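Starting off, we have a lone chain in the form predicted on its own, written out as structure tokens.
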Amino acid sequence: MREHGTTSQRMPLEGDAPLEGGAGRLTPEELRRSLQIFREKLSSDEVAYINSCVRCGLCADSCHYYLAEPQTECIPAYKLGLVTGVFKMYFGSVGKVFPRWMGARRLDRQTLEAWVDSLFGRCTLCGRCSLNCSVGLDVTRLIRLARSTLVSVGLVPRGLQSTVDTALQKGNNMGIPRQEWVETVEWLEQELRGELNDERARLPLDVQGARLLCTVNPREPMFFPLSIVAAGKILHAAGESWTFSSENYDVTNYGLFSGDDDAARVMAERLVESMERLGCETLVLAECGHGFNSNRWKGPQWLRKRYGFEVRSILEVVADYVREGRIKLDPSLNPDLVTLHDPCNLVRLGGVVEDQRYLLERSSLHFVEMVPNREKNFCCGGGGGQLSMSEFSERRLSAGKIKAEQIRATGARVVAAPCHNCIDQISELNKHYKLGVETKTVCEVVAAALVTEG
């Protein structure tokens, strides 16, 4: 396995958060390094985006941060300007001569602190601003480039960096030991057999040559074990050939959020190694927005190679089961009004849009859409690593008001969210805004409607 080469070089942040002067301890050499990394990360695409923003402000009304708190600092164009200003200062001829006129700014300690506050603290990398951009800028790409620069000098918020480091050191982002994971699967297998009254039901581990290798979000064995049972119930009913891996099973990749390409590469490669070790045909990604984006689209880019296997969301797989008649559903078993939250990385940035709707329409008696929905749906506020950055939790809950209002307007009793980051955030919004809803994965809704023999 390729070793991750930057973790040991990072300097720990001082104080409780980078907002409390983390950039103040940077040496002149580290500041020069940050500019060097910024320059190295720039491709012709990013330069084109930087030179294309016309600062029209149409992106403002697309951002849940701005809609919840209409301040200049929350406008995507303002956040983008913090990045483009550095480019103009060092790599734009006019910016060097007329910096104030061009909005150019030095990459100094003050700018780096502003980057942390805005690019980590007021952005979930949701990509919704790009939908309203009059010139089609990929704002998320530029914000993540700046985050990569912050990685190089150790200015990643403590909680987010800790999540990345735990995944690198322990093999999964919750630090679950291998034996504990194996024992959890064995225990849940007994739960599955009891629920189905079928001793043939299995949660298989390390089955060589299985058709599907299924991943999990480590939060499932830690806090949401019924999500694993639900998926197992569906796969058993479909008569599927599948397996879990006893190691390298984590669908999450917080390197996507932190901007650490080296860390992201290591985590993506681990799933490739499990596929090659077990000889499976298809890598099935659990209900995880950024996990889908990381492993379906970004992984081959980080590893600089094409995968020799298929990569699919479990939603796509289960939808096929229904279409092919491999499982049967009774929607009357889910009588409550159900709505769907669209995770940004799965839908807007990932392209899986209709399968979850197909499943909910057939597994629930009453399904209603949020408005707006699909690729135009608002971010819940929990993405981009926000749930791991406690220093920005008040902003996260404030920005989540937009999602809370969307949910409340549906009158739904159940919110199906095919992503555990989204489930965690919506669960907090449920308490904070007193929504009175229950959150479930899509597979949990489907499993509850499953018609089984006996």
Partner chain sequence: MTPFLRYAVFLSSGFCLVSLLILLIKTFAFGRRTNYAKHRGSAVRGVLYAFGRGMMPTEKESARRHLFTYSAGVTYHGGILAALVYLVLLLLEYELPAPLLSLFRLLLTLGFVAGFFLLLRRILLPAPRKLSCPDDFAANILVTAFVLLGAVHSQWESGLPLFFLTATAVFLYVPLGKIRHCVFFFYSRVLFGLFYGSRGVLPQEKKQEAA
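Residue numbers count along the first chain shown, from 1. The structure presented is a predicted model; accordingly, all values stated were derived computationally and were not measured.
Quick note: we don't show the form predicted in complex with its partner chain, though the next part is all about it.
Contact with its partner chain in the predicted bound form, judged by any heavy atom within 4.5 Å, is made by just one of 328, 202, 376, 211: 376. For the options 264, 119, 153, 349, the residue carrying a heavy atom within 4.5 angstroms of its partner chain in the predicted bound form is 349.
Between 178-186, 329-337, 75-83, 271-279, the stretch whose residues reach within 4.5 angstroms of its partner chain in the predicted bound form through a non-hydrogen atom is 75-83.
Using a 4.5 Å cutoff between non-hydrogen atoms, residue 301 counts as a contact of its partner chain in the predicted bound form.
Taking the partner from elsewhere, residue 223 is found to have every heavy atom lying beyond 4.5 Å of its partner chain in the predicted bound form. Although the partner is absent here, residue 42 is a contact residue: one of its heavy atoms lies within 4.5 angstroms of its partner chain in the predicted bound form. Not displayed here, its partner chain is kept clear of residue 324 by more than 4.5 Å at the level of heavy atoms in the predicted bound form. Highlighted residues 194, 219 and 414: none comes within 4.5 Å of its partner chain in the predicted bound form, counting any heavy atom.
Contacts between stretch 34-63 and its partner chain, counted in the predicted bound form as any heavy atom lying within 4.5 Å, involve 39, 41, 42, 43, 44, 45, 46, 47, 48, 49, 51, 52, 54, 55, 56, 57, 58, 61, 62, listed in sequence order.
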